[in-house]
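Let's start with one chain on its own, the form predicted on its own, as structure tokens.
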């Protein structure tokens, strides 16, 4: 997802602050960037393609107390300097940055051209400042002009607009997240994510869907986009520390967050037992329980199907969030929908919540970000407590999600203390596993296979979703063509892909399907594959073996961590930046 940043207030270094804010949003990924600062009565705009790099902050040292900035992934219009945000109005008094899509921009653009407006870019975004300019001619009030313009837009978006004459920032959102940072007695920040301004303040206010906010740096007003009615907002303190959102001594966020799992799994397990039992009882009473997520979170949901079946002997249904609306026929007021999301802002998950709401079903959210839209819209929320996750490839959030879902399964089986003990023992084993020798062993394996263009992973039971997740991790950061399969499906097609020397990872555990998957591995080896085993024991079929300690029903958590480390080193060995893979965003907030 693109990154939005803005500041208005007493500070006179708003341009430098904007540069810092953008750099703190780099983890979200982007192909171009831009900044607009008010210098006197003029707008100073700089934008470019590629990485921000070591931008010369001297260019933004002129006194400035009003700025906006943006990191962009191209949607409408190619990756060019002209298409980068911010975009300006005809009179250059209004600058806008934007996440999302204005679906009816062609119609709006045509109308604006007929009124004499000229456009400098190919983007849908550029209609926004021009339309605000038209509405401002009618109202004379900048906030009201933004609101009136928003009523014309179709689609999901987050908008941040600057006005030189009123010295105001106005933001609006329908779908994409925006957060206000409150610096007492000094000013206000508006950004896509908290790390953008965390250096300056640890107090925030959240915009809900369909809301807007207007501030001149002295006061702030939240209101409904459709009606214009003002809304009160409480200030919320941020509980994690800025150091948790920084790399520290690690070269990349991805490796730091992998190593954070020494502690984060235990934090995920540290849930109120009464709350967990209440949720388990809600699942028991529900007439149909659905697990819904996207990407990595979807793989956590798929694994949970096995957790609930094996541990609790209870049936739940999994659906990708993007497909969930097709299952609305099965929803009733007595149904329960469990949605899983790291960011709490995933567009398709939010859409799934609305589908559930339309049918009167209850929603439980398992998220990492307190105060996120999904957290606020759900009937009940469990936080996984992973701390900020800034690498695009999710690691510690996944294992936190798996831990919480497995804990609920044990509670449903009325074995909560047993489940909690198992997961705390798993957390301790992860701490032991993630030692320098283990990391070095995976780096050596990555060196051995990093020039391979195809890689296959197989699993059975809860290791099957982890095979799919392994493929996602390797694909997104190293760009190796990786595929995950259910081991028993090999002879139904995928085995045709195996050639002499093909690396094949086999995820194993000490479970009832071990002999089956070892047999599948032998079939791969007979076709010339190089077998890389991950699991508690070495087996004769393995050419390479990475030990993942025995973890019983939590083996999926244990087995995915070596894959995360391997994916990281594959990316590094191939000269890729694992924190910012191409074409990907940390949080997918547009459908």
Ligand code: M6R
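As the structure is a computational prediction, the values presented were derived from the model and not from experiment. Positions refer to the first chain, counted from 1.
The form predicted together with the named molecule exists for this protein as well; it is not shown, and the discussion that follows is about that form.
J.: With a cut-off of 4.5 Å between heavy atoms, is residue 295 one of the residues that contacts the named molecule in the predicted bound form?
T.: Yes, residue 295 lies within 4.5 Å of the named molecule in the predicted bound form.
J.: Against the named molecule in the predicted bound form, would residue 375 count as a contact residue? Criterion: heavy atoms within 4.5 Å.
T.: Heavy-atom contact with the named molecule at 4.5 Å: absent for residue 375.
J.: How about residue 472: is it within 4.5 Å of the named molecule in the predicted bound form, going by heavy atoms?
T.: Yes, residue 472 sits close enough to the named molecule in the predicted bound form that at least one of its heavy atoms falls within 4.5 Å.
J.: Check whether residue 393 has any heavy atom within 4.5 Å of a heavy atom of the named molecule in the predicted bound form, and answer yes or no.
T.: Residue-level check for residue 393: yes, a contact with the named molecule.
J.: Of the residues 476, 133, 124, 260, which one places a heavy atom within 4.5 Å of the named molecule in the predicted bound form?
T.: Of 476, 133, 124, 260, the residue with a heavy atom within 4.5 Å of the named molecule in the predicted bound form is 476.
J.: Here the chain is shown alone; which of 192, 346, 399, 463 has a heavy atom within 4.5 Å of the named molecule in the predicted bound form?
T.: Spelling it out, the residue with a heavy atom inside the cut-off is 346.
J.: The chain here is shown without the named molecule. Which stretch in 336 to 344, 224 to 232, 508 to 516, 430 to 438 comes within 4.5 angstroms of it in the predicted bound form, by heavy atom distance?
T.: Only one stretch passes the 4.5 Å heavy-atom test: 336 to 344.
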